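Heads up, the chain below is alone and in the form predicted alone; it's given as structure tokens.
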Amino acid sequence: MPDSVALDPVDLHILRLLQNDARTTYRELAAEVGVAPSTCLDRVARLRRSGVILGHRLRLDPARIGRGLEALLLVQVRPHRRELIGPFVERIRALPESRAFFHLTGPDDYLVHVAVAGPADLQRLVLDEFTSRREVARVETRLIFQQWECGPLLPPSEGARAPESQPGSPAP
């Protein structure tokens, strides 16, 4: 695993704000954080160079582009050998329906988040792109009814707990 990068409270504030809105200007960011715009620009550049900030992404509404059905596919690959895994991973990542792809521990080897137009497209995808492959032993499908974004990703702080579990907080 890569080494952690030391982040001070200003860095953490910048990361929190950019994760909430990556289009925030340096001037707005600097004003919110309480530093000069040039300092803010230098800090963001350092966060990029150090690999903390990996990039910026545009989020789309899958339903508005004709992919209103989302699912999670749990995939078992047998035998689980490197020479089979490489081509499998490349193929699944290249599918236009694939949104995210995870290599797992446990009984399932992979979790694939897909977005398709409807049930017939999901069936076609599973049959034509997954179960038709020799190395795929099993595919289990879970439909996604709804999903939520979570808060910004920040490094763990010693002794930190979720707000609802802190002493003195009202019960949820």
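This is a predicted model, so every value here is computed, not measured. From 1 onward, residues are counted along the sequence shown.
If you look for the form predicted in complex with the DNA, you will not find it shown, but the lines that follow are about it.
Stretch 34-42 is the answer when you ask which of 34-42, 66-74, 127-135, 103-111 has residues with heavy atoms within 4.5 Å of the DNA in the model of the complex. Put simply, R27 is close to the DNA in the model of the complex: some heavy atom of it is within 4.5 Å. Shown alone here, R46 lies within 4.5 Å of the DNA in the model of the complex, counting heavy atoms only.
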